[in-house]
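What follows is a single chain, given as structure tokens, in the form predicted on its own.
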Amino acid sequence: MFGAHYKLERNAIGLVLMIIGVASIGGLVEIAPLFTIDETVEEAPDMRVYTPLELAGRNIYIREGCYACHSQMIRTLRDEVERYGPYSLAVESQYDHPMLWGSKRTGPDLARLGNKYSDDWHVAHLLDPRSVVPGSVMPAYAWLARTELDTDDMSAHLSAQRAVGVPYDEDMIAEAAADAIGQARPDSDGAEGVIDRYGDDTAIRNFDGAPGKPTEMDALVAYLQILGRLTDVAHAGASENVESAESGS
């Protein structure tokens, strides 16, 4: 056995061919499933894209390293489903670039955090985590409330997202900065445009509870409040499963 191996090592062409062959096995295992991806990913006709404000909040979430302690992937284990809600579906993250799935949980999973707590709770939690969760080890992010949201590059962010498949149209990209301000300031002229472009169910409100221009706190809270709410496909599927189980019993 070793004699054959030694001979192969002295045969450059043979060794290269064997390396290519072995590497190809791993490549096929990873690539082959992609040819059936349309059959394995669920459909979500009601799926909507992130608004500019929510996308800005997601960028802040990534910038501050929140994903290092919080996963956004509820697994199919019974205890996870009972604690967090329906398990995560791939289609729910089709507009997430980069993906934030994972299993590292210093803090709880956030996949279905949207509307679980009020805006005031989130603001208080980010300003001083231990004021609402006494045993929390999360650091404070008080500066977010003092930092004005930079809207100058909103259009560029939406353009980059469209380049990787997120269906933002030209109007969404052109009005990105105005929409970010309009969503956080319901009394502004831009609020109506947000509804027109992103739908009637879009949350239009002062997320940080403070007057003036939108802050990074506005953006992050807007993002946290939309987690798990871009589509209802997971909840619909969970309801069907419950009905099937009840009818079967």
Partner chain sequence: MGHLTQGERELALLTGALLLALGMLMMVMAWGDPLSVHGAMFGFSGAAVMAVTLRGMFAPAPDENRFASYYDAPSKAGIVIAMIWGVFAMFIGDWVAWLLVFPEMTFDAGWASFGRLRPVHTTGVIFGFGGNALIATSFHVVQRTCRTRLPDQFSPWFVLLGYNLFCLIAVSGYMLGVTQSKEYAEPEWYADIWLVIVWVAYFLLYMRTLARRNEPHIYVANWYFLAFILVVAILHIVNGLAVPVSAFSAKSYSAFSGVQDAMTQWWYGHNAVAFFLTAGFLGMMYYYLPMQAGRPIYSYRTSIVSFWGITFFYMWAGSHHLHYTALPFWVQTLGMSFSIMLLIPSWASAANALLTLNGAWDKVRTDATLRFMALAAIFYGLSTFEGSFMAIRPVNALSHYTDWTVGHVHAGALGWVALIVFGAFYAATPKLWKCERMYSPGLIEVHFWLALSGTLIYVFAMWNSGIIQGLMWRTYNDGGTLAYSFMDSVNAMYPYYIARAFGGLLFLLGAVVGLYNIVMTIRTAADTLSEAEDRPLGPILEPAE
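The term rigid core refers to the maximal set of C-alpha atoms that superpose within 1.5 Å between the two forms. Positions refer to the first chain, counted from 1. As the structure is a computational prediction, the values presented were derived from the model and not from experiment.
Although it is not shown, the form predicted in complex with the partner chain is what the next lines describe.
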Close approach of residue 67 to the partner chain in the model of the complex, 4.5 Å, heavy atom: yes
Answer for residue 232 alone: is it within 4.5 Å of the partner chain in the model of the complex, judged on heavy atom distances? no
The partner chain contact in the model of the complex: residue 236, any heavy atom under 4.5 Å: no
Should residue 175 be classed as touching the partner chain in the model of the complex when contacts are defined as heavy atoms within 4.5 Å? no
When the partner chain is considered in the model of the complex, the residues of 98 to 119 having a heavy atom within 4.5 Å of it are 98, 99, 100, 101, 102, 103, 104, 105, 106, 107, 108
Core-aligned, is the CA shift for residue 31 between the shown form and the other one 2 angstroms or more? yes
